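Next up is one chain by itself, shown in structure tokens, the form predicted on its own.
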């Protein structure tokens, strides 16, 4: 039987300080992808070694900051009531999931931009557990509407519509309101699933 060790008080304080410093730096940076581990360690008042021992790398640190914010959505999708939960008809559920992802990304744009801008092919968003999981779910739901052949590709395209950089561009760069964006996403999902 594995022994679960309780986190030491100083380690818990460091963890909290690091997560808060990272969140603040990403939120206030014009280019979240350029916030470095050195910047985060300095802002948190910890050594860089502590930061790396605790989180491994920058992408993992960002994922852990974001995971706290994503947990309620993940729970609703896995076991919640309609329209996100498993008892929802596939077409309605796909639209609800895309909408919910857009809302979370709009509300947490600084973290998503840092994560999505943060690396090359091996550390990119497409290999993350969250992306793989939601892609698989959408693929299976889309397959019930369009058949298996195109379902994987369509799921990728749907997820591309809620990339943080695109959401930022259309809202901040082009001035689209959040409500107009969400309405456009719903229409796009409907149109996509009709073909």
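As the structure is a computational prediction, the values presented were derived from the model and not from experiment. Positions refer to the first chain, counted from 1.
Although not depicted, the form predicted together with the DNA is the subject of the following passage.
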Among 35-43, 130-138, 160-168, 146-154, mark the stretch whose residues have heavy atoms within 4.5 Å of the DNA in the model of the complex. 35-43
Report yes if any heavy atom of residue 63 sits within 4.5 Å of a heavy atom of the DNA in the model of the complex; otherwise report no. no
Just to confirm, residue 8 within 4.5 Å of the DNA in the model of the complex by heavy atoms? yes
Could you confirm whether residue 69 comes within 4.5 Å of the DNA in the model of the complex, counting heavy atoms only? no
Does the 4.5 Å heavy atom contact test between residue 52 and the DNA in the model of the complex come out positive? yes
Heavy atom contacts to the DNA in the model of the complex at 4.5 Å, residues of 57-80 in sequence order: 57, 58
